[in-house]
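Let's start with one chain on its own, the form predicted on its own, as structure tokens.
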């Protein structure tokens, strides 16, 4: 309790002081700016991001040598609560990090549209759509984030399966899971304590369940929650839990990083992970040599579907409306998405960066497979949902695993939330 209270006290102080150092205070006669920019994120305090931040700051200093940049790293589990308080008060950081999708789209009223400042970066960077609303861009994408299905080739061999040929249909996948169970491992490592496991499930497996039209309609906001295929996604989630495919206690297992640790320790043969900077290929390669780590496509559940990698812009930096000089703050965003900075982020953290010019050929087979799937990839299904609906989906997913709610009731609640906006 004392530690929790101490964190809260520190964060409240950070919230108050970040608003006081806001933005470029004056402009110099030479056209440059002087003052201070405060950045909030949850990445800058990580050792693997140090080189990235250093490169970005150096790039920005060449353009604005008289502007001081202060990064305030916040704990991710409290980040959006703190950001909400800053937005309500109308003061806080000048530049802030967001996940793509609902988290930023729900807060665009507090942000500066960046289109006029980042036009020259549009071709070089991918992932813009995740930071766009009503045709306006609100953040510069740093990473591409997707949800590959990783598998342990060594466990496949132990189970008598061909590690070079993972299942391409759901029925075959279930048969493989049975073999893996006999070999002493679970099929899936799943962490749903935060309710995030269902998001990964929906996006990783959805392209093998929804028809191409249903998938495109979902992303476009024309979601038919009564579709048998939509219900099938949630039924598979429940069925997998009921059949014991997941590790025990999935609802009490944190995804970050307990579920990933189960996969890394060979207690489960598969995990739906990330493709960028945590719970991803580089993390797993610390425990599984690159030749033992596989990446598979979603098994086909609905005949005629073409599974694809689900990905979007992962994280991106945005500019607050209250900043005193939006152009200077936007220049910092551009430095944070510069090729040199993003190359450092890829090299040190294993981030699949938004910069499509970066060469990842030396990263190993798993990363190469992921990057090779980008051209045929589609936006992640869960990213199209509002943060309110995602929160609800997390709760009902826990109830589905515990058996306290039916699939029909879960989908009914989600449809009502989605339609309410």
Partner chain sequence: MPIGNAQPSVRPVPSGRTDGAAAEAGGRRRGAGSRHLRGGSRAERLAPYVLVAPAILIIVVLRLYPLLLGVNFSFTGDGERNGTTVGIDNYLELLDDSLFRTALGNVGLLVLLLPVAVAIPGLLATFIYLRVPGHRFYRSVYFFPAVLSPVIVGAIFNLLLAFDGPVNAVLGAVGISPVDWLGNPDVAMFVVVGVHIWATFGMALVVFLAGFATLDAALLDAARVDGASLVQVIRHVIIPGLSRTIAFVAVTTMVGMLTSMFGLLYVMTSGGPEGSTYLPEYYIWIQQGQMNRPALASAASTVLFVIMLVVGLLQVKLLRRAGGED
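Numbering follows the first chain given and starts at 1. Just so it is clear, the structure is predicted and the values come from calculations on it, not from any experiment.
The form predicted in complex with its partner chain is left out here; the points below concern that form.
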{"query": "Every residue of 88, 109 and 193 near its partner chain in the model of the complex, heavy atom within 4.5 Å", "finding": "yes"}
{"query": "Contact test in the model of the complex: residue 70 vs its partner chain, heavy atoms, 4.5 Å", "finding": "no"}
{"query": "4.5 angstroms heavy atom contact with its partner chain in the model of the complex for residue 103", "finding": "yes"}
{"query": "Partner proximity in the model of the complex: residue 391 to its partner chain, non-hydrogen atom cutoff 4.5 Å", "finding": "yes"}
{"query": "Contact test in the model of the complex: residue 80 vs its partner chain, heavy atoms, 4.5 Å", "finding": "yes"}
{"query": "Interface residue in the model of the complex among 120, 248, 171, 286, criterion: non-hydrogen atom within 4.5 angstroms of its partner chain", "finding": "248"}
{"query": "Segment assignment from 228 to 236, 249 to 257, 300 to 308, 176 to 184: heavy atom within 4.5 Å of its partner chain in the model of the complex", "finding": "249 to 257"}
{"query": "Heavy atom within 4.5 Å of its partner chain in the model of the complex - qualifying residues of 396 to 417", "finding": "398, 399, 402, 404"}
